[in-house]
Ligand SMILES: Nc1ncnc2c1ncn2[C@@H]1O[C@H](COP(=O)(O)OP(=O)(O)O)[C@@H](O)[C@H]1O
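Presented below, as C-alpha coordinates, is a lone chain in the form predicted alone.
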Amino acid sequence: MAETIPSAQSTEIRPTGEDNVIEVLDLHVHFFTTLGVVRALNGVTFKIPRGRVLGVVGESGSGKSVTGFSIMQLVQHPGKIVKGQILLKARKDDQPINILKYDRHSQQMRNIRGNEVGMIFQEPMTSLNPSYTVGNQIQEAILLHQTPDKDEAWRRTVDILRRVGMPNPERIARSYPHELSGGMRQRAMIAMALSCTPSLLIADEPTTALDVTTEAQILDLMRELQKDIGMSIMFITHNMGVVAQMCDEVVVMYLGRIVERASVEEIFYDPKHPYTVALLRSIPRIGLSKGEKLEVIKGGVPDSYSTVTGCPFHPRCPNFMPGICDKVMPAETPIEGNPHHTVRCHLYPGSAAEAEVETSGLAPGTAPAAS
(Lines give C-alpha, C1' and ligand atoms only; values in the text may rest on other atoms or scores of the structure.)
Protein backbone atom coordinates (compact mmCIF):
# COMPACT_ATOMS: atom_id res chain seq x y z
CA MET A 1 0.00 0.00 0.00
CA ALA A 2 2.19 2.81 -1.29
CA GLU A 3 0.61 5.87 0.27
CA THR A 4 2.76 8.77 1.43
CA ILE A 5 2.10 9.49 5.07
CA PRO A 6 2.87 13.02 6.27
CA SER A 7 4.47 13.19 9.70
CA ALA A 8 2.19 14.30 12.51
CA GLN A 9 5.26 15.54 14.36
CA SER A 10 6.59 17.79 11.61
CA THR A 11 3.96 20.55 11.82
CA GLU A 12 4.81 23.80 13.55
CA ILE A 13 2.81 24.82 16.60
CA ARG A 14 0.43 27.70 15.87
CA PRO A 15 -1.17 28.55 19.24
CA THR A 16 -4.00 31.10 19.15
CA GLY A 17 -2.96 32.84 22.35
CA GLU A 18 -6.35 32.09 23.90
CA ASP A 19 -6.79 30.15 27.13
CA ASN A 20 -7.77 26.82 25.56
CA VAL A 21 -7.12 23.56 27.35
CA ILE A 22 -6.89 21.71 24.04
CA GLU A 23 -6.57 22.80 20.40
CA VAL A 24 -6.92 20.19 17.67
CA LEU A 25 -5.56 21.47 14.35
CA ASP A 26 -6.08 19.80 10.95
CA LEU A 27 -6.17 16.28 12.41
CA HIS A 28 -6.13 13.35 9.97
CA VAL A 29 -6.41 9.73 11.12
CA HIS A 30 -6.28 6.79 8.68
CA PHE A 31 -6.69 3.06 9.23
CA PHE A 32 -4.55 1.05 6.81
CA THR A 33 -6.28 -2.30 6.34
CA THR A 34 -5.94 -5.13 3.83
CA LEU A 35 -9.18 -3.97 2.19
CA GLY A 36 -8.05 -0.38 1.77
CA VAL A 37 -7.59 2.87 3.67
CA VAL A 38 -10.31 4.07 6.04
CA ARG A 39 -10.03 7.86 6.35
CA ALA A 40 -11.59 8.21 9.79
CA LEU A 41 -10.71 11.89 10.31
CA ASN A 42 -10.17 14.39 7.50
CA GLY A 43 -8.90 17.71 8.80
CA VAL A 44 -10.69 18.05 12.15
CA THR A 45 -10.05 21.40 13.87
CA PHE A 46 -11.59 22.65 17.11
CA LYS A 47 -10.67 24.05 20.53
CA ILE A 48 -12.04 23.72 24.04
CA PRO A 49 -11.72 26.81 26.26
CA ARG A 50 -10.83 26.29 29.91
CA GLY A 51 -13.82 25.42 32.06
CA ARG A 52 -16.21 24.92 29.12
CA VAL A 53 -18.12 21.88 27.85
CA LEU A 54 -17.91 21.01 24.14
CA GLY A 55 -20.47 18.62 22.70
CA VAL A 56 -19.45 16.41 19.76
CA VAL A 57 -22.43 14.93 17.91
CA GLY A 58 -23.07 12.95 14.74
CA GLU A 59 -24.11 9.51 13.53
CA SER A 60 -22.09 6.37 14.20
CA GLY A 61 -19.02 6.37 11.97
CA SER A 62 -18.64 10.14 11.92
CA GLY A 63 -15.32 10.06 13.80
CA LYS A 64 -16.35 11.21 17.28
CA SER A 65 -14.69 8.44 19.29
CA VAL A 66 -11.61 8.38 17.05
CA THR A 67 -11.14 12.08 17.85
CA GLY A 68 -11.21 11.32 21.58
CA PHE A 69 -8.82 8.37 21.22
CA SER A 70 -6.46 10.56 19.15
CA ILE A 71 -6.21 13.13 21.94
CA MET A 72 -5.25 10.31 24.32
CA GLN A 73 -2.94 8.77 21.67
CA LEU A 74 -4.85 5.51 22.02
CA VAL A 75 -5.60 4.92 18.32
CA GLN A 76 -4.91 1.22 17.84
CA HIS A 77 -3.18 -0.55 14.93
CA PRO A 78 -3.80 -0.36 11.98
CA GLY A 79 -4.83 3.23 12.74
CA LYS A 80 -2.34 6.08 12.46
CA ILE A 81 -2.45 9.83 13.07
CA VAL A 82 -1.00 10.94 9.73
CA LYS A 83 -1.24 14.71 10.02
CA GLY A 84 -2.13 17.51 12.40
CA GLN A 85 -1.44 18.89 15.85
CA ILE A 86 -2.98 18.43 19.29
CA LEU A 87 -1.94 21.32 21.52
CA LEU A 88 -2.40 20.79 25.26
CA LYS A 89 -2.28 23.64 27.76
CA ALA A 90 -3.01 21.88 31.04
CA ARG A 91 -2.55 24.94 33.28
CA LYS A 92 -3.42 28.54 32.53
CA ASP A 93 0.19 29.77 32.66
CA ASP A 94 1.67 26.80 30.76
CA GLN A 95 2.97 26.98 27.21
CA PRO A 96 0.97 24.76 24.83
CA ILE A 97 2.71 21.54 23.84
CA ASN A 98 2.06 19.43 20.76
CA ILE A 99 1.46 16.03 22.35
CA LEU A 100 1.85 14.31 18.97
CA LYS A 101 5.59 14.89 19.24
CA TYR A 102 5.60 12.25 22.00
CA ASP A 103 5.63 8.56 21.21
CA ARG A 104 2.35 7.02 22.34
CA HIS A 105 4.25 4.66 24.67
CA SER A 106 6.58 7.35 26.07
CA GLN A 107 6.74 8.38 29.71
CA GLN A 108 5.64 11.91 28.75
CA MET A 109 2.44 10.55 27.22
CA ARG A 110 1.84 8.28 30.21
CA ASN A 111 2.15 11.34 32.46
CA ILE A 112 -0.53 13.13 30.43
CA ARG A 113 -3.05 10.27 30.32
CA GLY A 114 -5.12 10.18 33.48
CA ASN A 115 -3.22 13.04 35.08
CA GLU A 116 -3.90 15.94 32.67
CA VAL A 117 -6.48 14.30 30.40
CA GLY A 118 -9.00 11.77 31.71
CA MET A 119 -11.41 9.65 29.69
CA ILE A 120 -14.69 7.93 30.43
CA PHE A 121 -14.95 5.06 27.97
CA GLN A 122 -18.15 4.04 26.24
CA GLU A 123 -18.68 0.65 27.87
CA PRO A 124 -17.56 0.38 31.53
CA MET A 125 -17.89 -3.40 31.73
CA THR A 126 -15.21 -3.88 29.07
CA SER A 127 -13.11 -0.92 30.24
CA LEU A 128 -12.76 -2.09 33.85
CA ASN A 129 -10.42 -5.02 34.49
CA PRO A 130 -12.50 -7.91 35.89
CA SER A 131 -9.45 -9.34 37.73
CA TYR A 132 -8.99 -6.33 40.03
CA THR A 133 -11.26 -4.57 42.48
CA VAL A 134 -12.65 -1.16 41.58
CA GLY A 135 -10.59 0.43 44.35
CA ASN A 136 -7.34 -1.11 43.11
CA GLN A 137 -7.92 0.25 39.61
CA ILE A 138 -8.63 3.78 40.84
CA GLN A 139 -5.78 3.63 43.34
CA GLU A 140 -3.32 2.66 40.60
CA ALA A 141 -3.80 6.00 38.81
CA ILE A 142 -3.41 7.96 42.04
CA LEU A 143 -0.20 6.09 42.96
CA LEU A 144 1.17 6.67 39.46
CA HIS A 145 0.45 10.41 39.22
CA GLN A 146 -0.29 11.85 42.66
CA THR A 147 1.36 10.18 45.65
CA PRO A 148 3.51 7.09 46.40
CA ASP A 149 1.81 6.68 49.80
CA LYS A 150 -0.56 3.70 49.54
CA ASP A 151 -2.63 4.71 52.58
CA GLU A 152 -3.13 8.20 51.21
CA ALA A 153 -3.97 6.80 47.76
CA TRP A 154 -6.59 4.50 49.29
CA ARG A 155 -8.10 7.39 51.24
CA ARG A 156 -8.38 9.41 48.04
CA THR A 157 -9.91 6.41 46.27
CA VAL A 158 -12.68 6.08 48.86
CA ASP A 159 -13.20 9.84 48.83
CA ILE A 160 -13.66 10.07 45.05
CA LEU A 161 -16.09 7.13 45.13
CA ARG A 162 -18.03 8.99 47.80
CA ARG A 163 -18.04 12.15 45.66
CA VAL A 164 -19.54 10.31 42.69
CA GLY A 165 -22.44 9.20 44.88
CA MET A 166 -21.50 5.60 45.63
CA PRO A 167 -23.34 4.14 48.63
CA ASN A 168 -20.89 2.65 51.16
CA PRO A 169 -17.77 3.61 49.13
CA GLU A 170 -15.45 1.49 51.32
CA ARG A 171 -17.35 -1.65 50.34
CA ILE A 172 -17.57 -0.61 46.68
CA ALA A 173 -13.80 -0.03 46.59
CA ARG A 174 -13.28 -3.68 47.58
CA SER A 175 -15.82 -4.98 45.04
CA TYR A 176 -15.12 -6.38 41.59
CA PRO A 177 -16.77 -4.84 38.49
CA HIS A 178 -19.15 -7.78 37.98
CA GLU A 179 -20.57 -7.20 41.47
CA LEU A 180 -21.84 -3.73 40.52
CA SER A 181 -24.83 -2.60 38.49
CA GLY A 182 -24.41 -0.76 35.19
CA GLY A 183 -24.97 2.64 36.78
CA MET A 184 -22.49 1.91 39.57
CA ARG A 185 -19.85 0.74 37.06
CA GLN A 186 -20.38 3.97 35.14
CA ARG A 187 -19.88 5.96 38.35
CA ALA A 188 -16.72 3.95 39.01
CA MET A 189 -15.43 4.89 35.54
CA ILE A 190 -16.17 8.56 36.26
CA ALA A 191 -14.36 8.25 39.61
CA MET A 192 -11.32 6.73 37.87
CA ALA A 193 -11.28 9.48 35.24
CA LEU A 194 -11.54 12.22 37.89
CA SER A 195 -9.23 10.67 40.49
CA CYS A 196 -6.30 12.91 39.46
CA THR A 197 -8.46 16.03 38.80
CA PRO A 198 -7.56 16.35 35.08
CA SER A 199 -7.75 19.61 33.16
CA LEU A 200 -9.74 17.91 30.39
CA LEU A 201 -12.27 15.09 30.63
CA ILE A 202 -13.23 13.20 27.47
CA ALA A 203 -16.63 11.60 28.07
CA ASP A 204 -17.40 9.09 25.30
CA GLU A 205 -21.11 8.27 25.50
CA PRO A 206 -20.96 8.17 29.33
CA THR A 207 -24.68 7.42 29.70
CA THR A 208 -25.00 4.68 27.07
CA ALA A 209 -27.36 1.82 28.06
CA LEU A 210 -28.37 3.50 31.33
CA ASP A 211 -31.98 4.06 32.37
CA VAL A 212 -33.19 7.66 32.27
CA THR A 213 -33.12 8.07 36.07
CA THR A 214 -29.50 6.93 36.35
CA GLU A 215 -28.60 9.01 33.28
CA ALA A 216 -30.01 12.15 34.91
CA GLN A 217 -28.09 11.43 38.12
CA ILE A 218 -24.80 10.95 36.25
CA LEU A 219 -25.27 14.13 34.21
CA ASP A 220 -26.01 16.10 37.38
CA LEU A 221 -22.92 14.56 38.96
CA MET A 222 -20.69 15.50 36.01
CA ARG A 223 -21.94 19.10 36.02
CA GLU A 224 -21.34 19.38 39.76
CA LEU A 225 -17.83 17.92 39.58
CA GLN A 226 -16.98 20.03 36.53
CA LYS A 227 -17.79 23.19 38.48
CA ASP A 228 -15.92 22.00 41.59
CA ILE A 229 -12.76 21.02 39.72
CA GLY A 230 -12.98 23.70 37.00
CA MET A 231 -12.12 21.25 34.23
CA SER A 232 -13.14 21.29 30.59
CA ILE A 233 -15.22 18.46 29.11
CA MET A 234 -15.39 17.01 25.63
CA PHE A 235 -18.80 15.30 25.64
CA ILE A 236 -19.28 12.76 22.83
CA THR A 237 -22.89 11.68 22.35
CA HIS A 238 -25.72 10.84 19.96
CA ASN A 239 -28.28 12.30 22.35
CA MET A 240 -29.22 15.88 21.46
CA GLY A 241 -31.19 16.17 24.69
CA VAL A 242 -28.00 15.54 26.66
CA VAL A 243 -26.23 18.16 24.52
CA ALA A 244 -28.87 20.76 25.43
CA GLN A 245 -28.48 19.91 29.10
CA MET A 246 -24.69 19.69 29.36
CA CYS A 247 -22.88 21.69 26.70
CA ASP A 248 -21.81 25.29 26.07
CA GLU A 249 -20.67 24.76 22.48
CA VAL A 250 -21.33 22.05 19.89
CA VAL A 251 -19.48 20.64 16.88
CA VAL A 252 -21.42 18.46 14.43
CA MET A 253 -19.36 15.77 12.66
CA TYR A 254 -20.04 13.82 9.49
CA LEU A 255 -17.66 11.39 7.75
CA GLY A 256 -14.62 12.57 9.67
CA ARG A 257 -15.23 16.29 9.20
CA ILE A 258 -16.76 19.03 11.31
CA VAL A 259 -19.66 20.39 9.25
CA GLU A 260 -20.97 22.95 11.76
CA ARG A 261 -19.85 24.53 15.03
CA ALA A 262 -21.75 27.00 17.20
CA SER A 263 -23.03 27.68 20.69
CA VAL A 264 -25.60 25.23 21.96
CA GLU A 265 -28.37 27.85 21.65
CA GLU A 266 -27.53 28.55 18.00
CA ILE A 267 -27.37 24.86 17.13
CA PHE A 268 -30.88 24.28 18.48
CA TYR A 269 -32.58 27.53 17.47
CA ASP A 270 -30.70 28.52 14.31
CA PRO A 271 -29.01 25.46 12.73
CA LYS A 272 -27.45 26.12 9.32
CA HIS A 273 -26.11 22.87 7.86
CA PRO A 274 -28.74 20.57 6.30
CA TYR A 275 -27.26 17.65 8.28
CA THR A 276 -27.70 19.49 11.60
CA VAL A 277 -31.26 20.39 10.63
CA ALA A 278 -31.96 16.73 9.77
CA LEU A 279 -30.51 15.52 13.09
CA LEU A 280 -32.73 17.89 15.04
CA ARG A 281 -35.84 16.91 13.06
CA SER A 282 -35.23 13.23 13.85
CA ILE A 283 -35.57 13.82 17.62
CA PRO A 284 -38.81 12.41 19.10
CA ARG A 285 -41.10 15.28 20.16
CA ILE A 286 -43.86 15.45 22.72
CA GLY A 287 -47.20 16.12 21.08
CA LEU A 288 -46.82 14.03 17.94
CA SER A 289 -50.21 12.85 16.73
CA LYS A 290 -51.01 9.14 16.86
CA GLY A 291 -49.49 7.29 13.94
CA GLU A 292 -47.24 10.19 12.92
CA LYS A 293 -43.81 8.87 11.96
CA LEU A 294 -40.50 10.34 13.02
CA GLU A 295 -38.51 12.08 10.30
CA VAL A 296 -35.44 10.18 9.14
CA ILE A 297 -32.33 11.18 7.22
CA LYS A 298 -32.55 9.50 3.82
CA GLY A 299 -29.86 7.06 2.75
CA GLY A 300 -27.08 5.92 5.03
CA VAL A 301 -23.48 6.68 5.97
CA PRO A 302 -21.22 5.62 3.05
CA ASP A 303 -18.99 2.56 3.26
CA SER A 304 -15.89 3.13 5.40
CA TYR A 305 -13.56 2.50 2.45
CA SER A 306 -15.26 5.04 0.19
CA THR A 307 -14.75 8.77 -0.02
CA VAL A 308 -17.32 11.12 -1.49
CA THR A 309 -16.32 13.79 -4.03
CA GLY A 310 -17.15 17.30 -2.89
CA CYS A 311 -19.34 17.78 0.17
CA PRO A 312 -19.49 14.47 2.09
CA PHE A 313 -23.20 14.93 2.85
CA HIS A 314 -24.33 15.67 -0.71
CA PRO A 315 -25.68 12.15 -1.55
CA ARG A 316 -28.22 12.53 1.28
CA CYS A 317 -28.79 16.29 1.20
CA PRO A 318 -32.24 17.71 0.32
CA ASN A 319 -30.52 20.90 -0.93
CA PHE A 320 -28.10 19.09 -3.27
CA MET A 321 -26.88 21.27 -6.17
CA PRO A 322 -25.44 19.18 -9.07
CA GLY A 323 -22.09 20.34 -10.37
CA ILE A 324 -21.21 22.14 -7.15
CA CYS A 325 -21.92 19.98 -4.10
CA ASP A 326 -20.64 16.82 -5.83
CA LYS A 327 -17.46 18.50 -7.15
CA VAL A 328 -16.05 20.95 -4.60
CA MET A 329 -15.45 20.55 -0.87
CA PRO A 330 -17.09 23.53 0.85
CA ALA A 331 -14.84 25.69 3.02
CA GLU A 332 -15.53 26.36 6.67
CA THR A 333 -17.57 29.56 6.40
CA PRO A 334 -18.43 31.97 9.26
CA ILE A 335 -22.07 32.94 9.36
CA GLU A 336 -22.49 36.63 8.54
CA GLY A 337 -22.45 38.70 11.70
CA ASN A 338 -21.34 35.77 13.87
CA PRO A 339 -17.72 34.60 13.40
CA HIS A 340 -18.15 31.98 16.14
CA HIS A 341 -20.82 30.11 14.15
CA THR A 342 -19.25 28.30 11.18
CA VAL A 343 -20.61 25.86 8.62
CA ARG A 344 -19.29 23.81 5.66
CA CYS A 345 -22.03 24.17 3.06
CA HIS A 346 -22.36 25.69 -0.42
CA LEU A 347 -25.63 27.35 0.61
CA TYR A 348 -23.57 30.10 2.28
CA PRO A 349 -21.34 32.76 0.63
CA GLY A 350 -17.62 31.99 0.63
CA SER A 351 -18.03 28.22 0.87
CA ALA A 352 -16.33 27.54 -2.48
CA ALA A 353 -13.08 29.21 -1.40
CA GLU A 354 -11.59 25.84 -0.53
CA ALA A 355 -11.53 24.05 -3.88
CA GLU A 356 -10.71 20.63 -2.46
CA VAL A 357 -11.75 17.91 -4.91
CA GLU A 358 -11.39 14.35 -3.65
CA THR A 359 -11.10 11.06 -5.47
CA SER A 360 -14.26 9.16 -4.74
CA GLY A 361 -15.22 5.54 -4.48
CA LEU A 362 -18.81 6.66 -5.15
CA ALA A 363 -20.07 8.22 -8.34
CA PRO A 364 -20.93 11.93 -7.85
CA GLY A 365 -24.56 12.36 -6.93
CA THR A 366 -25.02 8.68 -6.18
CA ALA A 367 -26.57 8.05 -2.80
CA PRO A 368 -25.33 5.11 -0.75
CA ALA A 369 -27.78 2.37 0.07
CA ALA A 370 -30.33 3.22 2.73
CA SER A 371 -29.54 1.90 6.17
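Quick caveat: nothing in here was measured; it's all calculated off a predicted structure. Quick note: we count residues from 1 along the sequence shown, nothing fancier.
Below: the form predicted in complex with the ligand, not depicted.
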| query | finding |
| --- | --- |
| Contact of residue 328 with the ligand in the predicted bound form (heavy atom, 4.5 Å) | no |
| Residue contact check: residue 335 to the ligand in the predicted bound form, 4.5 Å heavy atom | no |
| Exercise: residue 60 in contact with the ligand in the predicted bound form, heavy atom 4.5 Å | yes |
| Contact of residue 38 with the ligand in the predicted bound form (heavy atom, 4.5 Å) | yes |
| Contact residue in the predicted bound form, chosen from 78, 148, 241, 230 - any heavy atom within 4.5 Å of the ligand | 78 |
| Among the candidates 342, 307, 45, 65, the residue which, in the predicted bound form, approaches the ligand to within 4.5 Å (heavy atoms) | 65 |
| Residues within 4.5 Å of the ligand in the predicted bound form, restricted to 246-282 and counted by heavy atom | none |
